[in-house]
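In structure tokens, the next block holds one chain alone, the form predicted alone.
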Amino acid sequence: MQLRIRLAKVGLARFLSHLDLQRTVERGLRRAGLPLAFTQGFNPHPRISYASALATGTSSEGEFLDVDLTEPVDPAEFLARANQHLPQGVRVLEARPAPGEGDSLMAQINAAAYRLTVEGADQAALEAAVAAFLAAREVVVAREGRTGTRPVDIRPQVYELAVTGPGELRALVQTGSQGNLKPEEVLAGLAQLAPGLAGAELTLTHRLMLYRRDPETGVLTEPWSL
């Protein structure tokens, strides 16, 4: 049996690295006595696969993972037992039977929605920058990589962008193996379009949900249906 899990990483737990989060979840599920399936080989480990890595310092209520079990467990029971043994800030929000055989979640997820909190920004300048960003044909920022810094047009990787409150944005951006846009790059792009954003700082990044986005129609599908 395989369960699909939606996980939250909030509060101080947002400073866990992706590797630390993996270890924390594995230990919690093992302490809960859940019938985890293990890989074969010299160093067996629980068969848990994540949809996408989450950057250290980013909180989330939209992390998805698949957990293989050796025997059926009611999703509500899984949720209750797991949360008894997971630390504060790491919570299982939902558990459902995985929809079936197919590509892995990591191979299918290609979009992520974020709530971005920006401090030190003039609100009128922020709204003007978002409007200019959406109207622009390209927005080039400097992206740091292993081989150095290179210019990248991030406009095609931003599907939706809106001001949702004072100093608050909602962004739907590309993620996954075909391209991964960092929220910091969105702010860098906005700062280029509005001088009033000089000195603005992205103080909190919160991932809301992961999706499969149809590249032709733009239709979003939540991981529950993949």
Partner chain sequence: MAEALRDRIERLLPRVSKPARYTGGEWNAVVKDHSKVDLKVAWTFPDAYEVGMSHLGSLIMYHQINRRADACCERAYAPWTDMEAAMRAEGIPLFTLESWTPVSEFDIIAFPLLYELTYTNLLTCLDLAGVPLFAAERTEAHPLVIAGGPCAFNCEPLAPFLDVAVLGDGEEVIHQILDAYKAWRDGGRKDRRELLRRLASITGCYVPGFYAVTYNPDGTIKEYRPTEPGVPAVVDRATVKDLDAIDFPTRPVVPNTQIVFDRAQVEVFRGCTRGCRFCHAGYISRPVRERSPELVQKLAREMVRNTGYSELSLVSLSTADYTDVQSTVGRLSDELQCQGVNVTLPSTRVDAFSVAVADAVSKVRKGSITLAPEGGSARIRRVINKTVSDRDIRDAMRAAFRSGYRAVKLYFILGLPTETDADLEAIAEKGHWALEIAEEELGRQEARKVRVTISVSVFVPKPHTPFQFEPQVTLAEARRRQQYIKRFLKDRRIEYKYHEADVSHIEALLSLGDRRVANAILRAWQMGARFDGWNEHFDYNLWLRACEEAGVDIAFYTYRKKGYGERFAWDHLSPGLSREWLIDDHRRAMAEVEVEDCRWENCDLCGVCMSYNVLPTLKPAGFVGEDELAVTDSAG
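Being a predicted model, the structure only gives us computed values, none of them experimental. Numbering follows the first chain given and starts at 1.
Although it is not shown, the form predicted together with the partner chain is what the next lines describe.
So which stretch, 191 to 199, 157 to 165, 173 to 181, 43 to 51, is the one near the partner chain in the model of the complex (non-hydrogen atoms, 4.5 Å)?
Within 4.5 Å of the partner lies stretch 43 to 51.
Using heavy atoms and a 4.5 Å limit, would one call E26 a contact residue for the partner chain in the model of the complex?
Yes.
Is L86 a contact residue for the partner chain in the model of the complex, using a 4.5 Å heavy atom cut-off?
So L86 counts as contacting the partner chain.
If we define contact as a non-hydrogen atom of the residue within 4.5 angstroms of the partner, is D20 a contact of the partner chain in the model of the complex?
It does: once the partner chain is placed as it appears in the model of the complex, D20 has a heavy atom within 4.5 Å of it.
Would you check, heavy atoms only and a 4.5 Å threshold, whether R212 touches the partner chain in the model of the complex?
The answer is no: R212 has no heavy atom within 4.5 Å of the partner chain.
In the model of the complex, do R31, T56 and E119 all reach within 4.5 Å of the partner chain through at least one heavy atom apiece?
Result yes, every residue of the spot touches the partner chain.
Heavy atom contacts to the partner chain in the model of the complex at 4.5 Å, residues of 149 to 169 in sequence order:
The stretch does not touch the partner at all.
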